[in-house]
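Next up: just one chain, as structure tokens, the form predicted alone.
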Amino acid sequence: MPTDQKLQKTPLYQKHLSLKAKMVEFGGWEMPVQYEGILAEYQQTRTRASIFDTSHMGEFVLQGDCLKNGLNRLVTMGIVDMPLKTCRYGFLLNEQGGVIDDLIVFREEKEKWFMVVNASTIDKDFQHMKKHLTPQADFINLSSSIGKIDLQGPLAREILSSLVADIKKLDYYTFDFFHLLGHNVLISRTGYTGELGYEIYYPAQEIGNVWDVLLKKNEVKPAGLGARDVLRLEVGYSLYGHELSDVITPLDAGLDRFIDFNKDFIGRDVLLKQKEEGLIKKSIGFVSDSRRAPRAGQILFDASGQKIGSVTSGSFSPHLEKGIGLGLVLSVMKEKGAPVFFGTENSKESAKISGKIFYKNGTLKN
């Protein structure tokens, strides 16, 4: 554990310590990486339900017409036509088309927008957006006042229904406001594990009450960053700082579907040129021929031993009982089934290119 006193702590920090969680530095925060163990927490989430402390995430609110205040030009996804109480995933880009951050935009009212961004990029995102929004834009950073707990797993709806009677009305990528333990709060249904999931946004000072009540449910256990990373990797979700960065475009990452080229946005011209000229690098998935797991930063080689790229994320997959990974490689290397190797010049492990979704049996949209 780093001794840096500047590490931030979520409102649930003491709860993690009382559960004897192993704490690590993550994006400038001191966060639980595991409690009972990564594999146990993985299985708990895949079969029952887990709660994750995501209070470190950032939340912004913007009032006004999204065309007039500049929000529409800041994000890659179409938001003008968003129905009320729906969410959309997309990106903030720099002028070179690189990803400043990935985020989810919520449409609370016709002219009220709620945004959720990554913890390590809160300040960067806020300053970037403030710079490009109109001077009159009513734009607020609420991150420090909001706590967030994610309930993820096939039993999530059944568990939350005992506390929020009409939670069943939420469809995938929608949200609403619900009465929960004395507060009217935003609850969304998005998820990042491949299983049914809900995200509870609650006053930071009282989020511990929600944590305690949920943990009293027999079907619920806490899960940390370790299990979360395996879960998200098995369903091929990109992680900022790995599959996405300031120098990786959404096209490099294979995330074209979250870009609306029919509107103007920062970085659009660069992405159009990239589409026209063809991609130099491409995001791939690959499966190890053994239980050996790749690690981020390792080199990827082709069958002849030539370097073709690098691993962006890797782990052991309990579902496949093999190592799995995502990588960024030369665009010519994308044929499924083609052999690749990961590791170092002196120690290479064999694998095969696959799709990027390794686990397809989830309850995400049930």
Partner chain sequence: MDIQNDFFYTKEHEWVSIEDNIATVGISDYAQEALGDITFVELPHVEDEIEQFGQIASVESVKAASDIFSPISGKIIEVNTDLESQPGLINKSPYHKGWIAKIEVSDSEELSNLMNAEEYENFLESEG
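A quick note: this is a predicted structure, and the numbers were derived from the prediction, not measured. Positions refer to the first chain, counted from 1.
There is also a form predicted in complex with the partner chain; it is not shown, and the following applies to it.
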item	value
Within 4.5 Å of the partner chain in the predicted complex, all of A40, R295 and F316 (non-hydrogen atom)	yes
K130, heavy atom within 4.5 angstroms of the partner chain in the predicted complex	no
In the predicted complex, G285 touching the partner chain (heavy atom, 4.5 Å)	no
Exercise: K15 in contact with the partner chain in the predicted complex, heavy atom 4.5 Å	no
Proximity of G97 to the partner chain in the predicted complex, heavy atoms at 4.5 Å	no
Proximity to the partner chain in the predicted complex, single hit among P222, G226, P250, G267 (heavy atom within 4.5 Å)	G226
Residue (of H179, K273, K110, R291) lying close to the partner chain in the predicted complex, criterion heavy atoms within 4.5 Å	R291
Residue stretch of 45-53, 305-313, 65-73, 31-39 approaching the partner chain in the predicted complex, non-hydrogen atom distance within 4.5 Å	31-39
